[in-house]
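Quick heads-up: the structure tokens below are two forms of one chain, split into structure 1 and structure 2.
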Structure 1
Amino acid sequence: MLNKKEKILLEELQNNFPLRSRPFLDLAKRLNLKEKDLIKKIRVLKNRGIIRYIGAVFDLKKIGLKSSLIALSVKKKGLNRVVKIINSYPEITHNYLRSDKFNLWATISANSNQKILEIIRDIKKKTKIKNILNLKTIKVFKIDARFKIP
């Protein structure tokens, strides 16, 4: 589990990352640490898989990407095969098993809506599943994967 100091560090990295030449020195000063020790701590948190990534989070719409969410109803028996097919597309960014009749939910982002339709058509053909919900994004009210650490 995370200790209190780690939680504070993660919140800072998430919410107040300095865009300055020596960001870790600035952060270290804020947290009363030495730059070297802070860098070590961050590397450990990254290796533990707690930090996925540090960097720029783009607004994908602003760089010209379209997105959609698709949902499929897949029987348990064929699930692995269908997952493999869906995951094989680089345009599929997320794929989850969920608790519903429609149990497989995946997100697609591609250069055009046309490309998204092509991928869905291809998935239908390969999986032989005809009924796929294509829940095109109409409006984004929020994307903010910054979490309050419990």
Structure 2
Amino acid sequence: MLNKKEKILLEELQNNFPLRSRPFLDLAKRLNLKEKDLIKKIRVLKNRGIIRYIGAVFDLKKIGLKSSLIALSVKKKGLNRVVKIINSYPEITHNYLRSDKFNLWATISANSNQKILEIIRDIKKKTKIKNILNLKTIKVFKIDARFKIP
């Protein structure tokens, strides 16, 4: 599924991403590539579904933010509309579908628990979904997920 160069690229992206003004240029030099070729390779891996997201992971508690996981029960025909509403909030970091009664889950990160409650109230109002589970983060179990590339 992956060739040797792709595996090396994924390892570098995951473990040695440069924190510089032009990280892809620095990474390309390390891999003996041109920056545009590296970006092209990353796009190919993204289009293949191998890379879903490239971004930083922060310990929210250490930077003064609160977080919560919310769960909604959304009918299939209204799902796209609800997802658009949820994604309109910058405090929503991501959402995902589950095969459960509560089939849409999302994470909220905000500067206070009060702000999280305001967002949930607003989502309820806009989506007309009355029962939204608010699963406030009590303990973080996994903040640094790294995967061994086979």
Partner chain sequence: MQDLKSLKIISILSQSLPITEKPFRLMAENMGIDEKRLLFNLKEYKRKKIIRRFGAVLNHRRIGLKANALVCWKTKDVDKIGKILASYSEISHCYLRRTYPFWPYNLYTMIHAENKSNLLKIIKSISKKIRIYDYRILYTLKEFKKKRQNLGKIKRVKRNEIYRIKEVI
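This structure is a prediction, so every number in the text was calculated from the model and none was measured. Numbering runs along the sequence of structure 1, starting at 1. Between two forms, the rigid core is defined as the largest C-alpha subset superposing within 1.5 Å.
- The form predicted alone is represented by structure 2; structure 1 is the other form.
- The rigid-core alignment places the CA of residue 136 less than 2 Å apart between structure 1 and structure 2.
- The Cα position of residue 33 differs by 2 Å or more between structure 1 and structure 2 after fitting on the rigid core.
- Comparison between structure 1 and structure 2 places the CA of residue 14 3.9 angstrom away from its other position, after core fitting.
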